[in-house]
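Okay, so here's just one chain, in structure tokens, the form predicted on its own.
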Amino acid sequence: MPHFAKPAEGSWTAHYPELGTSPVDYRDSVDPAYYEAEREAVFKRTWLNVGRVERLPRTGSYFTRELAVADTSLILVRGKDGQIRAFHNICRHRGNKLVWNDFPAAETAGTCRQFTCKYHAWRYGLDGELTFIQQEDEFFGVDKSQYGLKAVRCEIWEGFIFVNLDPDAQPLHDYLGRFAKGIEGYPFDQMTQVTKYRANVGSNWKLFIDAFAEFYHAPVLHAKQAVQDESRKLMDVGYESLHYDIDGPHSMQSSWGGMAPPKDESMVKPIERKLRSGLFGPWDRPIEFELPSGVNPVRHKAWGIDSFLFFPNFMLLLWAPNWVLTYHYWPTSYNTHIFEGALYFVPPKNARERLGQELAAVTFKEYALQDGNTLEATQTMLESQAVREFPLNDQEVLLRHLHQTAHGFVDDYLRQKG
């Protein structure tokens, strides 16, 4: 397996000289005070992806999103005018959580004509306006027009719903930048067969992004799942991506692999041959389309996957066999977070295609568990602070960028606080 071409500077890290080459200080992943600043600087001021428009298919469709890192719960709803809006999930009377079922901390979804508070039956329209106050004449001149639900900025990109708690933040399209522009036109709307995973992870949120932002670990950590001969080859020559890129706070890597069907079917398991599917997804492409310019940007014949990190916590992976994977990393404390993975396929036409998608999903779960299995061990030893700085190689250039980006947001926030 040959090494792929590096930029003229000789390394990807040198290609982005502002990143430097010094060891990286990982105290940003173990310091509770830093985490509190990060919550304010990052998660209350940047655009956060909270779902897709397919979850809100008709008037009155809604779902809630718990954002513990930002101290709030949100309602996402499609109004009578077809517009998708976001509101803080709080009743304006006494602060009760407005939309929930049996467990207040659990997310929920459904369809309704209005939202009614469980405590005193105040009612709100789908546009957030207060429409009814129980025993209104008992209050003292309350103007209902001044007590609608508190709105949150909500914008859509390619069917992905984003929110921002900062009312003065730049528009979503400007924030997502060049990478998003280069992806526009990808047929996300055709990939509506969805499988989701969710896990509580005992590590800082950035550590799991680190695990998915490099393939240096692949031939070691995944050796038992991979073909042994191939794993040894990778360990001998290294696993390098085709391309790395940085755009402001965002980053991407373009990698080889994922060709379907594989050139040598003896490398795969019998069930994979039977169902024509595996880790890289179903082998038979369900749709054909021209890739947008930002996908496989170097147009390499060995291309298999592009992985985009839209800072802070939304990772979007586009696979050559025409399916999509998303990762979200939601902090719950300085050393815990919720990981969400979702696989999006074109709906299957028959049972074999459906089973092939299921096989891809369970195979992904196994690899994700292997990646996640290291995180708590990493977190506990980082917290010992026996070692604080760690060297990163050229294939870990995006890790270097991630931690510097988080530091930049926190530093700017602390300067503004004086």
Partner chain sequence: MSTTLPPEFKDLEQFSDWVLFSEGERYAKRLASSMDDMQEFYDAAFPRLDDALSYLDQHELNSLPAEANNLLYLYCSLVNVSFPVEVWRQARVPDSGAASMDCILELKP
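Residue numbers count along the first chain shown, from 1. Keep in mind that what you see is a predicted model, and the values were worked out from it rather than measured.
Unshown form predicted together with its partner chain; subsequent notes refer to it.
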Exercise for the section: Could you work out which of A33, L369, V387, A377 is the residue within 4.5 angstroms of its partner chain in the model of the complex, going by heavy atoms? Expected result: L369
Completion exercise
Contact with its partner chain in the model of the complex, heavy atom within 4.5 Å, among L355, M381, V53, A68 goes to L355
Handout entry: Heavy atom of Y124 within 4.5 Å of its partner chain in the model of the complex
Key = no
Practice task
Decide whether K274 counts as a contact residue for its partner chain in the model of the complex under a heavy atom distance cut-off of 4.5 Å.
Solution key: yes
Exercise for the section: Using the partner position in the model of the complex, report whether F339 sits within 4.5 Å of its partner chain, counting heavy atoms only. Expected result: yes
Handout entry: Distance check, F87 to its partner chain in the model of the complex, heavy atom within 4.5 Å
Key = no
Practice task
Tell me the stretch among 198-206, 165-173, 294-302, 73-81 that has any heavy atom within 4.5 angstroms of its partner chain in the model of the complex.
Solution key: 198-206
